[in-house]
Structures are given as structure tokens and as C-alpha cells.
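What follows is one chain in C-alpha cells, specifically the form predicted on its own.
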């Protein structure tokens, strides 16, 4: 039985802790805050409850596997999952609205044909077929296996089979970015391009620079669906925490780690902020890159950039310069209207302004950003059926200072898809990039995206193993990147590397 210290109680860290405890190890989690869940936090006030992280779950199979491997009670016995229908309503700049069905690629094509006309559905369906090829080629190396030592293969090869187009003397013009896919393969319809680019924007990625392999992002949603959890995603975090407790994982909250102890060239424990030392055979760090750099500052040869000094193989650098998220939580009087979609995406009327402000040299909040509105049909989130809890989310640059005028502008923008919003509003609370930074330790409140192939390796995340033996990285800032499914898989990968050793080749 090994002694294992886990730094942080995020979803990836807890997934690793539960699996390691089942394997017979003694696991102690030190969390600097007073609660578990990491990015899956919550805001509660006057009987209303809001998620401070993602509001929907993709690939629930990742957490089903976690619960199967760590106990008798399956996931559905611990939380109530349901597919939202429709999966999403898109409202485009020209006023066109379209409801896309959940986990039905054929249904999505039919909906696009009905709303957009022409051959929109056929073009999108053909794109999904190509996206499936990219998914099949990258699913295991990017989700189910440790990062390959020869990760450069993933960086150099574009798994998306783009369609060649003839233009003037260039006979073999192919899309290499997500925007290129939209422009060359979706028929030039600005609404289809907006639909496609939104999947990158939601993760703070510039679609003009994001590789075509990002086609896997809409593929995942359209194939495996979008799921809600009764009580919000915070209920999923609670279920994972309780599974850890059932497996005798120990938690120490309000217990910040000051540094990682090194002995004989390997991680040997941690020292807490109060000076207490805890020995360990392995250390698992579920923290942001800058935080981990600080914890290693006293380890010989390990100070400096996270992305350079503790990589297991090669030089996949930690992501930098990523945008953050701005969230506005609104408590409304009056019941949720029947037929209201769980999620509505209101697209920007000024694509150039949004992209320039998010990814340009002078970043700031776009004038009319793409806005996601969540209106869950969940009585557990409101004081009674005569009230509604609503969340607005936009992608913003990290470090962005949010003003009251910015928030009022977002609320005004939301009125176009939430009639009578102002008259129903009781109060609102705001979660800014500064709040995200405080909760997660990420520089400027940056939010990690999932790992993607191609792009010369710029869209990969650091390996779970590090150059300091005995130290492993878990969670959204390590392989396979950000997002709830990816966090769960990072936990499985770290547990496998510790239990089975460096010969571990991935989950089955």
C-alpha cells in the first residue's frame, strides 16, 4: 500500500483519488479552499442555486466508468441524469432560430434543412461524417491513453479529412482550421459558419487558428448528447466526493500546500502552509501550471515554467494566453415558461468585432458577444415552481476587468431571447475572470480547453507524468485537457500510471 497525497479536490483529482483508493492505496487530499469540486462550484442565495462551471455534461460514459470501477452503486443511482431536449436553440444574427435535437445527427441535419433551406443539412451531415473520422483517429491517444512519448505525431498529422477544393491555380486547397472548414465545406452560409465556430469560442479558442481537428467538438455533442444533472453539476461533484469518502479517501480542507518535497530525486511528500510536512510515495497535483511551478520552487532543477521543466517526454508546453469566462446568475420571479429550451446560444451580429476583441492585440469584452443562456427545468435550483434560475455565459479575455455597465449590456442582450427579463428580475450576481482566478489559481482566470491534434502541438496539454519521478499532474491543465469528460479521463490515466507503472497503455 502506497501513501499518496493529492493536491486539490477538483474533478480530475477526485477521480484519481477514488481509483487509487480502490487499488488499495492510502490517499489524502489537501484542498486549499473549504470545499470540493474545483471548477464545479456553486452559488446559493434565497433558495436559488447556480453552477459556476459547465451547466451540461457530455460523454457521461466517463463518469459511469468511474462509478463502475469504484463501487457497486452505478452513476445513475447516485445522481439523476437526463438528456435535454432540444440539445440547444441557436439564434443567429439575422433572427433565424433553430432547435437542434439531442444525440441525433440525422435529426440535426433535418432541423438545419428546415430552418436554413438549401442543402444546409446535407453539408452539415457530410461534415459530421468527416468529423467522425477525426474522432476515430484521435479518441484513444487524446482521451484514453497517456500522452505518447512521440507526441509530435499527434502534432504534425491533421486527423480531419478535409475536402480538396480547386481555386484558380491552386488545385488542392484544403481546410486546415475550423474556420477554413466552415468557409470551404459548409457552402458559405454565415449561419453554419457561426454554428461551427461557436464550438471553438465556447472553449476560448480562436476558430481562425484552431486546427480542423476541432471538428471532434461538435461531433461529441451531436453523437453522445448533452445531459443535465438534477440539482446542477454541483450534484455530480458531490457524488464523486461521496464516492471518494466511501472508498476511505481522506480530505483536508482549508489545507493549502506550500511546496512539494523532493528526496533522492523524486517527489516524497508535501509541506503545508503551516509548516507541517506529510510524507508520500507519490504526489498527484491537480492545480494550474503557475501554482505547480510555485510548489516546485524549492526543488533543484524544477523551478521555472511548468511547461518546460517537468514534462515527461518532449516539450509540450503549458497553454498560455487563453480566455476566461464571464457568468451572470439571475434570479427571476415567475415560472419557467413551458417549451423553453435548456440552452440557447445567441450569436454575435458582429463576428469581426468579437474575434478581434477576444484574440487581438488589445483584448476586451466584445460589444455584442456570443451569449449562452441556460434555463434548466430543475425545481431543485429554485425556491419553488414560481421562480426561475437563469445563467448567462460569455467568453472573455483573461484578466478582463468587468464593469457594471458590461453586465447591464449582457442582461439587455439576453432580453432578445428571454422576453420580459427585466420585469421578472429579482437580483443578479456576477462571476468574473478574477473570481475564476481566485477559485482555481489559473492565471487571469484562464479556462483550459480540451486537447486537440495537429496545430504543431500548440493544442496539446502536458503529460500526466513529469520529469520529477513520483509526481503526476491531473485535471484540466494536463493531458487530455479541459472539460468534465477530459478531467475524468485524466484521473483514470494518473491512477493507471501509478498502479500499473510506466507500461500502462490506457483505459480499456
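Please read these numbers as outputs of a predicted model, since none were measured by experiment. Numbering follows the first chain given and starts at 1.
If you look for the form predicted in complex with a small molecule, you will not find it shown, but the lines that follow are about it.
Engineer: Any of the heavy atoms of residue 332 lying within 4.5 Å of the small molecule in the predicted complex?
Structural biologist: No.
Engineer: How about residue 60: is it within 4.5 Å of the small molecule in the predicted complex, going by heavy atoms?
Structural biologist: Heavy-atom contact with the small molecule at 4.5 Å: absent for residue 60.
Engineer: Should residue 325 be classed as touching the small molecule in the predicted complex when contacts are defined as heavy atoms within 4.5 Å?
Structural biologist: Looking in the predicted complex, residue contacts with the small molecule include residue 325, since a heavy atom lies within 4.5 Å.
Engineer: Using a 4.5 Å heavy atom cut-off, state whether residue 291 contacts the small molecule in the predicted complex.
Structural biologist: Yes, residue 291 sits close enough to the small molecule in the predicted complex that at least one of its heavy atoms falls within 4.5 Å.
Engineer: If contact means a heavy atom within 4.5 Å, which one of 465 to 473, 478 to 486, 452 to 460, 66 to 74 is the stretch that engages the small molecule in the predicted complex?
Structural biologist: The contacting stretch is 478 to 486.
Engineer: Which one, 257, 346, 283, 192, lies within 4.5 Å of the small molecule in the predicted complex by heavy atoms?
Structural biologist: So the residue touching the small molecule in the predicted complex, by this definition, is 257.
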